[in-house]
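Next up: just one chain, as structure tokens, the form predicted alone.
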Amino acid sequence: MRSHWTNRWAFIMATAGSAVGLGNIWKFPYMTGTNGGSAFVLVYLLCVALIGLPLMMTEIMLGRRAQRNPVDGMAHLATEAGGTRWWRGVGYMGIAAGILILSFYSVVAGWVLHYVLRAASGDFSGMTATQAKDQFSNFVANPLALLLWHSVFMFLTMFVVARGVTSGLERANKIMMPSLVVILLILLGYSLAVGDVGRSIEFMFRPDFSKITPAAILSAMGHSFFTLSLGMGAVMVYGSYLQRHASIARAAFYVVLADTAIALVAGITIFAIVFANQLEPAAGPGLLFQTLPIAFGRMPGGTVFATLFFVLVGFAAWTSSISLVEPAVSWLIENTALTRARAALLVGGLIWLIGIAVLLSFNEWSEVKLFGLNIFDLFDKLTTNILLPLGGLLMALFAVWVMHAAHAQEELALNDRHYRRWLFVTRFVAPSAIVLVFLNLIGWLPFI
């Protein structure tokens, strides 16, 4: 018998945990900083509301209808609709994307765990920009240190996955998601007390339409897809554990709301601290590991709050990593005689091995290039720029052009007006937007 979440809120917390990750607390702030602040945020919010929410509903709907892992689920739904079973390829693509993403995600999450200890030991106190840069550079140049933290994070992830849906995924998210929110609110209070919150809010929310460029629009659109964990089968497999009586639209709305709210609060908190120390908001990916340690090192209570901050980021990474591996584990359980624990060990071991190649790309294998990219950048671009948008596009097209309309209406349980809106966005708006993002990210829009 297939496992299910004990209630709708368990699903919401688990799916929100999947969406809330490094993308919210690391990527969203630095993308906001490098794309004009409020211009990026405004477009991002519009994209989340108009495109992200309907696609979230679509993927949940496919999962609950199928009641299977993404591979077998897509094959079952295609057969039910009289289509080809080749649609199972969408599920395989999602599983591959999750494995590759976690192989480099785990390495970065390992950096976060290392920085928890750095912060707790008071290493950031009085730190200069040069010291912050050297500290990070020396750390990533040490393959044994990276291997240690990569291994620790993978163990934490697979420990939760191996325990099952209710005892593992659900219980972990019931603890980690509220803890994440509490820590974030504590840090927001800290930034209100010692940071420049006024300038932070102005930077993020005061409209400056002159900074809304085609590049900023496409970046915001792309991030709105990826921050919600769409297109990789994670939301689909979580949807397959959702009870029949739960409202898909309401559950998806709460997930999107939680994900967006956490990203915005994290942005306000981080920029308030950055501006209070006259640092550069457009620091890019180094914002988390090089800019913020300098800021915390200059502020009262910096050691305590820096530790809380990196614990927060660690929790966010952990909840997301669980969802990345669940589609592969679910497929193994349903297609082999493996127990969940053994399936988790097998998938986790594979990801751990691939992750070793990733971490070596920062040091011993830094000269190894494929298509002009090191292993880390190759996996990042392959998944983020190709597999995820392609997976989201194919799921949207399947739901509105292949799946029987009566089945979609039955699962979504929307009134006629709301169903027509969902159908229009999923049939025309979302695919067009995804194609634009896809073409831009692979460099086929030279005019941008």
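Note that residue numbering follows the sequence shown and begins at 1. On a predicted model such as this, the values are computed, not experimentally measured, just so you know.
This protein has a second form, the form predicted together with a small molecule, left out of what is shown; the following refers to that one.
### Query
Exactly one of Ser103, Ser229, Thr291, Thr157 has a non-hydrogen atom within 4.5 Å of the small molecule in the predicted bound form; which residue is it?
Contact with the small molecule in the predicted bound form is made by Ser229 alone.
### Task
Would you kindly say which of Ala220, Ala234, Ala119, Val358 lies with a heavy atom within 4.5 Å of the small molecule in the predicted bound form?
Comparing distances to the small molecule in the predicted bound form, the residue within 4.5 Å is Ala234.
### Task
Choose one stretch from 297 to 305, 129 to 137, 107 to 115, 317 to 325: the one whose residues place a heavy atom within 4.5 angstroms of the small molecule in the predicted bound form.
That would be 317 to 325.
### Query
in the predicted bound form, does Ala10 have a heavy atom within 4.5 Å of the small molecule?
It does not: once the small molecule is placed as it appears in the predicted bound form, Ala10 has no heavy atom within 4.5 Å of it.
### is_contact(Ile434, the small molecule) in the predicted bound form, heavy atom dist at most 4.5 Å
Output for Ile434 is no: heavy atoms all beyond 4.5 Å of the small molecule.
### Task
May I ask you to check whether Leu22 falls inside a 4.5 Å heavy atom distance of the small molecule in the predicted bound form?
Contact check for Leu22: yes, within 4.5 Å of the small molecule in the predicted bound form.
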